[in-house]
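This document opens with one chain alone, in structure tokens, the form predicted alone.
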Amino acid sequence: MLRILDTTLRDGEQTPYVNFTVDEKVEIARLLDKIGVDMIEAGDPCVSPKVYEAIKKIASLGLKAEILAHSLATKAGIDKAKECGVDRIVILYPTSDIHLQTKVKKTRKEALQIIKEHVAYARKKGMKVRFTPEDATRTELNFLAKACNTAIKAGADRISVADTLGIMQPHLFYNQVKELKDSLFPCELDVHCHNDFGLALANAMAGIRAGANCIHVTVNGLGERTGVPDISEVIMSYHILEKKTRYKIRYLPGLSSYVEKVSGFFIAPNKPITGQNAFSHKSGVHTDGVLKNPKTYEAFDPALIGRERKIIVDKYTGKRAVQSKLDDYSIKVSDDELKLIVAEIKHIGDERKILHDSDILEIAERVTGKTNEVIPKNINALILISVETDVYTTSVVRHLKNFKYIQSVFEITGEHDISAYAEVISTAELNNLLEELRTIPGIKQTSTKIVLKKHNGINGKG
């Protein structure tokens, strides 16, 4: 049976510039447990007092998931993990020659002794043990099997095959995992695949086919360098492609959004499953097909995870997509008018990067000669913006100054960091502007105030 181990709180926090608070870690653990992950790797208690505190709190929550603490092969680390009250300890030790010779400066014989000694020590403490041979995929296979069997004989019941540099290819990883599994005493096998060449998910799935039964993931693919497989991509791949449906997929977008917010690590719009564009359709051929039957261009219904499809209208647009957009606003047009509207959209789309709903409605007004009282016109707004603490306010200001409808920007004191003054033609345009602002890296929160009256100068002068 496939199992999922989430390591957002350990490997995920090793992402450059990511640092979770204790409360944030507790909330992430709760959200992971809600989805039904099998194991949560809560961190290495030797890293810092706050990491220790977070692990201890998470271990005391009574979650269904097995809680793990990570440790180097040191007795002090094992003792700290025991103090935290976790269900299992992970003992990490390198096995590749390059790591043994240049990093820890140990021979293979010395490495085997260290592995045996520390796994046995953890077992005597009454702890379940997973052994992780670091840089496993660059370790000579016979020695890798010998190191893992040494750990198993000392009491480990799980082994994690770590592709530490993300250098595997699916066919090679399949062969390595299968050969290793055939060489080991009975145990459970995990795969920990890094994404340096964009192959982490494919490698992990190959490892499962070869006989492993647990994939290590993080939320939004966080982790050292380019991270490890994203939990949403892994769970949805197995849910849709392999019909393994035991995880509660409807909670995945909420988890992704929360971690995006507290990590300050913004996911790409084209990211599978949770990205802004994952269920967006633009080409006329695609929009025509998906409006007739969503299965033509969607592998699964976005409603399964609480998301909605989005039809993008611009120069690639066909008549059916434009008609659908006008229908959303109950705007009736003739076939000839629709053709003219589409032609105007294509013309304007050649000149502008983005067409908003308000642009489409304006075009419809010009073509039909009818005023659509759908959206209030000419709106002024003050947008108050809070910036993440690790981001320079000035860098965000530079982004804001390039937005079409923002007339002025101020850096301010108080509970917000920036005040931007915007002049837009409609509430739809304002909403579009706010959505775009929230994609700027570093913006934590916005608060928008609609201007009711504007007074120029003093005593009406100026």
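Quick caveat: nothing in here was measured; it's all calculated off a predicted structure. All residue numbers are counted from 1 along the displayed sequence.
We do not show the form predicted in complex with a small molecule, though everything after this point is about it.
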property	result
The unique member of 144, 290, 90, 86 whose heavy atoms fall within 4.5 Å of the small molecule in the model of the complex	90
Partner-contacting position among 158, 80, 192, 281 - heavy atom within 4.5 Å of the small molecule in the model of the complex	192
Partner-facing stretch of 305-313, 378-386, 128-136, 350-358, counted where any non-hydrogen atom is within 4.5 angstroms of the small molecule in the model of the complex	128-136
Residue 162, heavy atom within 4.5 angstroms of the small molecule in the model of the complex	yes
Contact flag, residue 448 vs the small molecule in the model of the complex, heavy atom cut 4.5 Å	no
Touches the small molecule in the model of the complex: residue 25 (any heavy atom, 4.5 Å)	no
Touches the small molecule in the model of the complex: residue 13 (any heavy atom, 4.5 Å)	no
